[in-house]
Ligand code: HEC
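One chain comes next, on its own, written out as structure tokens in the form predicted alone.
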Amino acid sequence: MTSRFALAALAAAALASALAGGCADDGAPRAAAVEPARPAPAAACEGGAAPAAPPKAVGFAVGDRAPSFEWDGEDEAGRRARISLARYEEPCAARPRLLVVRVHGGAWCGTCRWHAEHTSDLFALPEGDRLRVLDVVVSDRDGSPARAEDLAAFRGLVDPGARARVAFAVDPAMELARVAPASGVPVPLYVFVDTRTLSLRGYLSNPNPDELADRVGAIVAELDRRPAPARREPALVDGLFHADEWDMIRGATGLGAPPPDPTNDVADSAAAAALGKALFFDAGLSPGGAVACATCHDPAKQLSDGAKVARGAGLGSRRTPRIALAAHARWQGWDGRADTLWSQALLPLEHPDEMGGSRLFVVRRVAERWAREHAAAFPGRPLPDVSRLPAEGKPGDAAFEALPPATKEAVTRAFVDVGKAIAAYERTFRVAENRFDRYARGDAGALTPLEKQGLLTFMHVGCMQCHWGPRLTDDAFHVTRMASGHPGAADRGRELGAAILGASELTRAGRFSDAPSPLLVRPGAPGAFKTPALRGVAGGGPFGHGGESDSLSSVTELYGRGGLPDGDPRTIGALEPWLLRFDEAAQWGMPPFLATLTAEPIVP
């Protein structure tokens, strides 16, 4: 049977060492063995709970009494409550039950979502009536620390048949990271606790269904002081993949049209897309007449530019992302400074290092060159009379601020229409299917044995926590400690993007949105960047937000080492605990699979 951690032995050994007491006398890592059940102290059944074990300096091990964690949460009935491990203690129970604490990254986490959606499978085990389940969520769907209000969304992921048997809590400080080794531990992390003694009985990191069933059966048998049931013999798809892995592989294909965008009332208008196409290729939107959207997003270069960092009117500090699938994204840009496709289209027009223009300049260009196309795309929304307007200007410029409020409003609305037309054109982009798609649909010969092994490695080291779904991204923000494109300086990433978004009037919540909706912008983590879509990663480098990696193998090597080391001035932020460090075999094993993830753009 292929173990999920067969290709990540170094991390597994570290996890076993952290929780099960390090190494045996011969230096070999110890397995995470289940210790015999300890009887409940008599005092506990006479009115007093068993005393907690003294806290260890680092973590706690199998057999220890679990610390007295307590969090905000919801009980099994969905009512707000303080949830503590102590509430599960049953010192006088005739036979113990098993508390299954599942530490989830949040709704961004693909593997966590799978386990939440299959919670009923836990209760369907022979030991199901002996189980209690507590889901502990550490972050929201964007990767920010979780709050109690995030639990409703996560509760919705748990299959309805099991939801009423699960309690939920938020652990934004990830206190349960004390059970995780420095090498990282993919989530969901299962922590098993004996409800009679509140002692830790075992743990598993992102287990496959058979591994989970075997461990639950073994632990309950140990608590009952009887032999463990026979281990399951899993049925592997293509001789390689467990049921959960194959489900996620199948879920990573089938990319269709982008989701609706109610904030843009011309999002799917053919006339708006025609205007947007003209604007996308119009270098006249930049004052120098040399930079168009297509300059950096060249259809001949996978809708990027192939450069380390973008070069427009000036030199940027981040790599130009591919935008063939941008219409599917929840956030736009590396740091999520825009929350709609149309607002993202507007940002480069006024950025000094990109197109270097202003809204007055852009609206004048549209009125003088594209007035007929604009009228077809936006009937009943005439352009302002530009004959009496300054040549250039944007908010903050003296020329723009001197205009009457009604004129500024009219200019900005016309400017927003430019973004909405470009977005309508970008929504028509599609990508061709690749060999991975054919494999996911059941064509076993679509990938070579080496590529399949790379896919297996990709899953075993936890990449599908963040890289899942048809685009292979979670659209969340994570600290991976990759180098910035700033010479000798770190890029603050989402911290900067959240601040820019929070101060913008061009958001889905603002008055220029055609369907205003609440915008929740939480403070971003310094050094966190949006997970790039891996569909299309085979289109060539450079890679990373700073363009510092020139090959897929250099990216996997960096991830395997845990990113740049502490103290390196090119990055900032603490590496997230669920990011697993992995050895050279895994680092070099993944690129053959990644090279199958083509996304040839189909651009009208």
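Just so it is clear, the structure is predicted and the values come from calculations on it, not from any experiment. One rule holds for the numbers: they count along the sequence shown, beginning at 1.
Beyond the structure shown, there is the form predicted in complex with this ligand, which is absent from this document and is the topic of what follows.
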*Hey, in the predicted complex, does S205 get a heavy atom within 4.5 angstroms of this ligand?*
no
*Indicate whether G544 is a 4.5 Å heavy atom neighbour of this ligand in the predicted complex.*
yes
*Decide whether F60 counts as a contact residue for this ligand in the predicted complex under a heavy atom distance cut-off of 4.5 Å.*
no
*Does this ligand get within 4.5 angstroms of any non-hydrogen atom of L389 in the predicted complex?*
no
*Quick one: of A292, A167, A410, A525, which gets a non-hydrogen atom within 4.5 angstroms of this ligand in the predicted complex?*
A292
*Using heavy atoms only and a 4.5 Å cut-off, determine which of D298, D353, D75, D224 is in contact with this ligand in the predicted complex.*
D353
_Given the stretches 337 to 345, 196 to 204, 157 to 165, 377 to 385, which is the single one in contact with this ligand in the predicted complex, using a heavy atom cutoff of 4.5 Å?_
337 to 345
*asked:* Can you list, in sequence order, the residues from 218 to 256 that come within 4.5 Å of this ligand in the predicted complex, counting heavy atoms only?
replied: none
